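Take a look at this single chain, the form predicted on its own, given in structure tokens.
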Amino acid sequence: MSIRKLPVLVMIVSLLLVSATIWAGGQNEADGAQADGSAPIKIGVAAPITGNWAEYGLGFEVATAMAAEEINAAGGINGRSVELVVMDSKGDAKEATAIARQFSDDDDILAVVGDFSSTCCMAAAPIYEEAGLVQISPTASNPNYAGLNEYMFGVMGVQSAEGPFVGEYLLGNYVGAERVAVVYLNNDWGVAAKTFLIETAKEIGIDVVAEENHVDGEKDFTALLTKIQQSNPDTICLVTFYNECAIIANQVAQMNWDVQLTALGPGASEQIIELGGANVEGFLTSTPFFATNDGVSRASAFKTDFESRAGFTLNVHSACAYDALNMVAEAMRNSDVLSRESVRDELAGMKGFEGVTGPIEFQPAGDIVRKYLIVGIEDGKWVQMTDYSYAE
């Protein structure tokens, strides 16, 4: 699926999901999910459904809709169906804060799944705190995010763990890099991620020969790459997302520059392959989750169902969104008296939750500890290169 097709698919799927949301519980009422006449339980979903990170936002929308559908088909939450209220933050902090105010002012919304970026989540955090409303982000991984207040939770893991993994195990052990240039997205997530990565790389003896940043939505990296090339790196590590990874790969190819491309952040994004083509062959990145079509595992079944609905390959961001909504639902089931506060308390104390991405248990700050894999592009497909034991 090309990036040109993505907005059309987003619009089509969004219309379908909005319809499903509006009528959530309609069929399930016949099945007894709302036989007692109780109103649906509303959960907000904030995601960049349009804009530079649309693949991730659409993944949030599809994955949370799948989770809600499964919850309702199984009888809902203590007899009440789930209704999602989906809003598009466009990956913009101002939009995210406006959504936070709207969700906070709606007393029927008892929790929020989202947003995508650490910047959006951190900007919205004070608003949610004032309203006593949980914001559980599938993807925010700035180490400072979850600790901002007691209502913030994150299920992706933190960059104080992934950055060092990329520095030591992806760049050091796997690639054997000696001279690395780092290009990072200049936002809360990107600055944190590159800092931990670079610190670890230097500790193990890698020479970080260049460190350059870019703004979200940058299209022309020619001058930046020309500057970096003069420092003669053998590897470039891109701390950014799919659009910029593909653009940089294409521009490196135009320069006839033979340099290893690696990344922290984009996950196994379909758009990197669609936009980069042959220029991203051999591209490597880290991820805490990667599903294969083994036909047996829960992750495999989820991957098949997700991809049939979304029209693109499952990525870690979408899988984490699915788990986040299911964790909220579990917290609600366990609440003696359901309220915003009870959702927060139950999430904080939750033990033994097994998600599609594996076991999840929150640390005191509200984030989790993850292990990581290395994945790469071979023959136009994402392939798992290592297992979780690689860093042990």
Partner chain sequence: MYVLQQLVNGICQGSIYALMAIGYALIFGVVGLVTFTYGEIIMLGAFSAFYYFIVFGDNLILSLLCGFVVAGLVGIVVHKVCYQRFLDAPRYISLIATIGMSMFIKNLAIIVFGSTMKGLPLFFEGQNLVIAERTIDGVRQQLSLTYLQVVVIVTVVVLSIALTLFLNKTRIGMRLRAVSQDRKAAALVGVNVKNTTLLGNCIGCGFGGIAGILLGLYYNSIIPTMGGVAGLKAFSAVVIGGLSNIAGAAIGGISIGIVENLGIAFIPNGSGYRDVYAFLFLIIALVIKPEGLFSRRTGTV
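This one's a predicted model, so the numbers in the text were calculated from it and none came from an experiment. Residue numbers count along the first chain shown, from 1.
Another form exists, predicted together with the partner chain; not displayed. Remarks below refer to it.
D105 near the partner chain in the predicted complex, any heavy atom under 4.5 Å? Outside the cut-off, so no.
Indicate whether the partner chain has at least one heavy atom within 4.5 Å of a heavy atom of V62 in the predicted complex. Residue-level check for V62: no, no contact with the partner chain.
Any non-hydrogen atom of Q254 within 4.5 angstroms of the partner chain in the predicted complex: Result yes; Q254 sits at the interface with the partner chain in the predicted complex.
Would R80 count as a contact of the partner chain in the predicted complex, using a 4.5 angstroms cut-off between non-hydrogen atoms? Although the partner chain is absent here, R80 would stay clear of it in the predicted complex, with no heavy atoms inside 4.5 Å.
Which of 291-299, 165-173, 255-263, 148-156 sits within 4.5 Å of the partner chain in the predicted complex, heavy atom basis: In short, 255-263.
So, a 4.5 angstroms cut-off on heavy atom distances: do all three of S335, D345 and K351 pass it with respect to the partner chain in the predicted complex? No: none of S335, D345 and K351 comes within 4.5 Å of the partner chain in the predicted complex.
Just to be sure I understand the contacts: of E307, E212, D234, D188, which is the one whose heavy atoms reach within 4.5 angstroms of the partner chain in the predicted complex? Only one option qualifies, and that one is E212.
Among the candidate residues N144, S160, T200, N279, which is the single one with a non-hydrogen atom no more than 4.5 Å from the partner chain in the predicted complex? Only one option qualifies, and that one is N279.
Check each residue of 39-54 against the partner chain in the predicted complex and list those with a heavy atom within 4.5 Å, in sequence order. The stretch 39-54, when checked against the partner chain in the predicted complex, contributes I49, T50, G51, N52, A54 at the 4.5 Å heavy-atom cut-off.
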